Structure formats: C-alpha cells, structure tokens
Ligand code: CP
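Presented below, as structure tokens, is a lone chain in the form predicted on its own.
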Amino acid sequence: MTSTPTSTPLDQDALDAVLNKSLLTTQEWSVDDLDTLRALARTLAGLDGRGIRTPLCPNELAWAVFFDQSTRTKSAWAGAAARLGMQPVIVDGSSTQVSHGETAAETGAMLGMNAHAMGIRHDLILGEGNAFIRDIKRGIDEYLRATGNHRQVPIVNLQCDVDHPTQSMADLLWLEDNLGDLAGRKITVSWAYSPSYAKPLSVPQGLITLLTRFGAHVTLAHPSGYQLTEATMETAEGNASGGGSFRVVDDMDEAFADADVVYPKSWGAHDLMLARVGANAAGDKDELAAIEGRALERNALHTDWICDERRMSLTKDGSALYMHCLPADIGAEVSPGVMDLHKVNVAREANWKMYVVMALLAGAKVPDLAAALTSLEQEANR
C-alpha cells in the first residue's frame, strides 16, 4: 500500500478557483480543481487525525435534503459540517412541500433564506435528480440576488441520477492511497447481483467518468440490458482519449482478469429504470412497486454475477483491491469470505467521503483558506 502524507501543501491561487463553487458533477470540474479538492481533503484529514480542530465556518447552517435512503452519506455530511463548526440539519425529502406542488426552485428559495450550504440526494428517477438539484441552486441564487444578499450557498450533490460525486472522489482518494498514480492501472466496474432493490445507475456512472480522466484502463461489465446512459458512456469514452482506456464487456470473468481493482456493484436494468420515470410522473405508486418487483425478477436471472474467491483469483496476482460504496449485499454482490477479508478496507474507503465533503464546504466558504489552516495548525502546536 502506498503511504499518504498527513497533509499536502495548499496553493491559495488554486483554492481561490474553488471558492463559492458547487459540485453538481465531477465532469464539470477541471482536473486542476479536482486536484485541489483532493489536496484539501488530505490536509483536513491530516489535521483531524492529529486532533486539530477546524471550526472554519462557525454559526453557519448546513442543510441536507435526502429523497432516498442513506447511512454513510448522512454521516459524512453531519461529520464534515460539525468539524467545520457548522450546524448540520438533515431532513427527509418527503417532509418538504415538493409532493404538494412546490417546485424545486421554490424549495431552494425557502431553504436558501437561512442556509449557508446545502447537500441534496435525489437519485432514483432517471432524468430528474440532477435537474432537480440544478433547480434548487437556481432558486437559491435567484432569491439571494433579488434580496441583495451577497451570501453564497454552495450546493453539494450527495447523489443524483447522473453522478455520485462525493462517493467517486472518496473512491479516488482511496485508490491513490493504495496505488498512487492511476495511469495504466486496470480498474473493473462490474454489475453484481442484488436481491434487495433496483439501485441507481449513478455510482458506476460516476466511476467510469471520473477514473478515465486520470489515465486508468477502465472496464465496465454488465449483463445485457443493464447498460448505463448513453451520455455517460460517451463522456467516459471521451475522457479515456487522454491516456487511459474504456471498454465494455458482458462477462464478469473477463472483466476481473488481471484487474488491479474490482468494484462489483448492483444497479437497475436500464429499461425498468426508464419505466420508473412515467410511473413517478403519474404518481402511480402501485406501478412503481410493480416495476421494482420486475427489476428484482430481472436481477434474479443473473445470480452468478458475484464477486467471490474464484473471481478474485483471476485478478492481478489474485489480490486485487476490492471496493464498494456500501452497503454491499453479502452473499449476492460479494461472498462473505471476500467481504470479511476487505471489511476494514471498505470502511477506510467510506471514511474519505467525510473529508471530501469537508473540503467542498471549506473550499467553497472560506476565503484565504490556506492561511486559515496554517494558523490553526500553528496555534495547536504552541
């Protein structure tokens, strides 16, 4: 495993480029800005590991609205905000007035009246989540502009239908911890069987679009019918032209062969994810439940798509890094033995998300951040 310094020197000019910046997809950030985000996350992780407090945003409100279930991301948001001296507030999307006809822009204006940062998860319906987050941002920005309020309220996408940027950035940090430079590394993102529910497409989509920007050789594997969105595939292919590669296979064994890293993760069948769109628009809860049932029946045709000891033996030296965004369906996506071997690794992978969120909030909110962090460290060392 590659050792990682507890902190990375920060350049204030680079930090200025992410001030007031929202993260809606990683693709919209330059590689330089992503480098700055990772350097800042490593610095904050190093300070936190040494017990140095970083109350950089005291008396500020950090809203997060979740329209889908979550454990790790809620914890990451709350932990990040609290470490920055903010007050985290996490609400269920069903408690908003959206279901009663309030638009996303109106919700943004209402929440933006008092918020200083906002995270949103809206991931289950293709074509809706990312657009909803953008409308929230527009509503906040329009309200602040109309009222002459110069406060900035950065938005953090905590998972949508297109991307899961805090997860993929945490994954990138964990990959670099273990592999260093990703250029030339073989990374497999594979569908895996799940009996629990039809999971969003955004985790694999976020991975293939991000990792191809850093020179990795990315293989996407899935059974027929589980393709990702066309726009995402085109983006991954375009990103790979910068030095990496991108290919798609329909055989899990082929995908695992000689891989440095494997990321086996379930997601929903494409046609059924599209069917959700119409049922959701019609408010037909019975049809949504029926679609979910058909999705699980479709998944059950591919129970052999599991990351087990035999498949791990096909990887490079039989010892590829296993990754998962959690929770994994043990016995379905991954065998109990493989998960037991990597349970500490996936927990450490997950822990990076909190520092990614910290970096996003601090980078967006704090002017002269490099000097502020230096001052906190010097004060702690006195």
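Start at 1 with the first residue shown and count on from there. These numbers come from a predicted model, not from an experiment.
Keep in mind that the form predicted in complex with the ligand is not shown, yet the notes after this line are about it.
The ligand is not drawn, but in the model of the complex it has a heavy atom within 4.5 Å of residue 70. Though the partner is left out of this view, residue 326 does reach within 4.5 Å of the ligand in the model of the complex, counting heavy atoms only. Not displayed here, the ligand is approached by residue 159 to within 4.5 Å at the level of heavy atoms in the model of the complex.
Looking at residue 205, you'd find every heavy atom of it more than 4.5 angstroms from the ligand in the model of the complex.
Of the candidates 299, 167, 188, 209, 167 is the one whose heavy atoms come within 4.5 Å of the ligand in the model of the complex; the others do not. Checking 140-148, 301-309, 71-79, 220-228 against the ligand in the model of the complex, the stretch whose residues place heavy atoms within 4.5 Å of it is 71-79.
For the partner-free chain shown, nothing in 39-56 comes within 4.5 angstroms of the ligand in the model of the complex, judged by any non-hydrogen atom.
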